[in-house]
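So this first bit is one chain, no partners, the form predicted on its own, shown in structure tokens.
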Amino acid sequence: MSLGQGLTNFLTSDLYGLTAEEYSLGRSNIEIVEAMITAGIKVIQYREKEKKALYMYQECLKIRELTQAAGVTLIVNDHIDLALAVQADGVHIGQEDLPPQIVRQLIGTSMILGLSTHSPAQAEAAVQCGVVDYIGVGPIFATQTKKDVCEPVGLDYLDYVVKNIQLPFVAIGGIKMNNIAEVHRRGAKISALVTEIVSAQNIPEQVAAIRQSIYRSSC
């Protein structure tokens, strides 16, 4: 998948899926990704921090096969080497990872580069550096799925990004069925949900219900 195709999925999607095996009811990340694909999710991030490199490579390689066959954009969180090794569509980094300019040098121009941001200053810096394709905006609400997460930035930061930042963005952090409508109403075209999706017994049914919540907010 080319950079353009990968970004097209991002720009036209409503949901951004993430793996989180700890919350997946005993199912593997591969099973979860298969269910997300069946549910019609077009952007999926592989996010694992505790596993050994070889295990992640083998798992992510299979996920790359699944996403590529389905025309789904695969983003790898943090692990630049892993993203390159499995020929993912992109990599997502945080504020304490390598600088975006260095990451861009490593991954070249054909991969998507995403950057987490938590404040207006960080969003503006992402724009100014000129190498980031999209930013993460959050955590909007309190979240327990990420161990090193900062305090919630709230809807005010989302409002700032909608009004002032031209980069595409994904809203993330504590987004659930009961609050995604508000996030969408304020201008987030794509939202990342973790436990609300991976902890569902039936992921396609859950995704359909989430989309119904978004749709109702637009009526």
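The structure displayed is predicted, hence computed values, not measured ones. Heads up: residue numbers just count along the shown sequence, starting at 1.
What follows is about the form predicted together with a further copy of the same chain, which we do not show.
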item: Every residue of K52, D78 and Q95 near a further copy of the same chain in the predicted bound form, heavy atom within 4.5 Å; value: yes
item: a further copy of the same chain contact in the predicted bound form: P120, any heavy atom under 4.5 Å; value: no
item: Non-hydrogen atom contact I102 with a further copy of the same chain in the predicted bound form at 4.5 angstroms; value: yes
item: is_contact(A85, a further copy of the same chain) in the predicted bound form, heavy atom dist at most 4.5 Å; value: yes
item: Contact of L106 with a further copy of the same chain in the predicted bound form (heavy atom, 4.5 Å); value: yes
item: Candidate stretches 173-181, 151-159, 35-43, 52-60 - the one whose heavy atoms come within 4.5 Å of a further copy of the same chain in the predicted bound form; value: 52-60
item: Within 4.5 Å of a further copy of the same chain in the predicted bound form: residues from 62-77 (heavy atom criterion); value: none
